[in-house]
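This document starts with one chain, in the form predicted on its own, laid out as structure tokens.
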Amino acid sequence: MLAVAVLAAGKGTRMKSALPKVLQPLAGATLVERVLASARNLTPERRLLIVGHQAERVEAQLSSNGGLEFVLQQPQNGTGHAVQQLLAPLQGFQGELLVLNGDVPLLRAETIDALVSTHRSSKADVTLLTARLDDPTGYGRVFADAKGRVSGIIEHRDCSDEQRANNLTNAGIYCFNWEKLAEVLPKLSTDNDQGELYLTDTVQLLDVAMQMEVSDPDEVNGINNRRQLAQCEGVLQQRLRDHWMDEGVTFVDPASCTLSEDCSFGCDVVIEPQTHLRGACRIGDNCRLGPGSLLDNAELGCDVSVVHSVVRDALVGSDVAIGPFAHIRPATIVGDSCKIGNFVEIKKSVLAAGTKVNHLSYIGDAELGANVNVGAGTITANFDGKNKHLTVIGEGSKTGANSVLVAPVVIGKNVTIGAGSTITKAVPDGSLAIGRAKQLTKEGWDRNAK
């Protein structure tokens, strides 16, 4: 049996944030959510989150994470004290305890799987994850023989010059035999500079300690401040870009683009500079995104271009051109072969195949049939000051420049609306509708006359 405990009680003072450190966002998910996800493949019997600072807020954020048990650490007096809080909830538990840190979000699932597997095969009391760092200053040094058996861990400040030459460091990730750990946890002492109970000290108290070195030291990067948060974001983004470039996506300037782990791409997609994808984007074959575009929970068919535009929570068909400077807002469906042009905003609307909205228009709460041509400056006036109303435009219809359609209103099929018209009543199929004031011209007008 396996239990996973995540240490998530700290305040994170150096983040200088009202948000608990473990709830800081990283590439679309919180730090602690990433840590929990990294152990998902293990299917543990118990998952425990040790909370403290703003515990209620952390619990509320993770309330939908099924089967998660919350254990309160109050006050927070070190990592050993945190794990001591598990003595009651894990009383009688037989198996391994995997201890993860809520602020170490880059661990790969494969690494954690290997740590647990190594621990089980070695039959050790504890197996700790280690990393070789180019600059190990400030980190505890791990001393082990060629077979990985640990003889000791010495904090940097206590190391001799010779010992500091060892760059094998403790990553703070452990797999314990729980029953053996439970025996030594009450023996921890606060006899140290910080006056805290350290989980590291249990390694000296257990009979057999082993270590497993991580292949990529970036995986154990911890986050204590916003600079480290940005560094981890950079590592994660590079992983994502490398993965998708290996899958056939072209990034013209990779470093200027960011992705979400929930994105997926078809074949021969090109991503131009300064383009960002958030949430669960689904991008079809031969799409070209950017430059300077943002897509958030957007689904695009094949052969779509999005130039200097924003697409959020929208469904876009194939062979569609969007932008430049268009805004496709949530609950919008754009059909195949549509064109959404310069400075166009579309909100909660359905556009059937072949419809064009080329210039300077707002389409909100509307249903447009196939092959509608929306003239420059057309507006669906959907809000009466209290409620939103629907505009329907039938297939093959055309609105003239600077038309205003005051909802609720139904425009039939193959209708032509004269430029500058304000339409407030239904227009039947095959009609010409003109709704504008009669032009008045006064010749010889002197604008300066009093």
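Between two forms, the rigid core is the largest collection of C-alphas that superpose within 1.5 Å. Model, not experiment: these values are computed from the prediction. Throughout, we count residues from 1 along the sequence that is shown.
Not on display, but discussed next: the form predicted in complex with a small molecule.
Novice: Can you confirm whether 306, 312 and 347, the three residues that make up this candidate site, all sit within 4.5 Å of the small molecule in the predicted complex, judged by heavy atoms?
Specialist: No, the candidate spot makes no contact with the small molecule.
Novice: Among 232, 171, 209, 338, which has any heavy atom within 4.5 Å of the small molecule in the predicted complex?
Specialist: Spelling it out, the residue with a heavy atom inside the cut-off is 171.
Novice: State the residue from 259, 283, 112, 104 whose non-hydrogen atoms include one within 4.5 Å of the small molecule in the predicted complex.
Specialist: Selected residue: 104.
Novice: Counting only heavy atoms and a 4.5 Å cutoff, which of 338 to 346, 159 to 167, 138 to 146, 262 to 270 contacts the small molecule in the predicted complex?
Specialist: Among the candidates, contact is made by 138 to 146.
Novice: Residue-level question: is residue 354 within 4.5 Å of the small molecule in the predicted complex, judged on heavy atoms?
Specialist: Answer no; every heavy atom of residue 354 is more than 4.5 Å from the small molecule in the predicted complex.
Novice: Check residue 153 for me: does it contact the small molecule in the predicted complex (non-hydrogen atoms, 4.5 angstroms)?
Specialist: Within the cut-off, so yes.
Novice: Even though the small molecule is not shown here, does residue 251 get within 4.5 Å of it in the predicted complex, heavy atoms only?
Specialist: Contact check for residue 251: no, nothing within 4.5 Å of the small molecule in the predicted complex.
Novice: Although the small molecule is absent from this view, report whether residue 436 comes within 4.5 Å of it in the predicted complex, heavy atoms only.
Specialist: Outside the cut-off, so no.
Novice: For residue 284, is the C-alpha shift between the shown form and the other one 2 Å or more after core superposition?
Specialist: Result for residue 284: no, shift under 2 Å.
Novice: Superpose on the rigid core, then tell me if the C-alpha of residue 193 is displaced by 2 angstroms or more between the shown form and the other one.
Specialist: Yes, shifts by 2 Å or more.
Novice: Would you say whether residue 155 is displaced between the shown form and the other one, judging by a C-alpha shift of 2 Å or more on the superposed rigid core?
Specialist: Residue 155: C-alpha displaced by 2 Å or more between the shown form and the other one.
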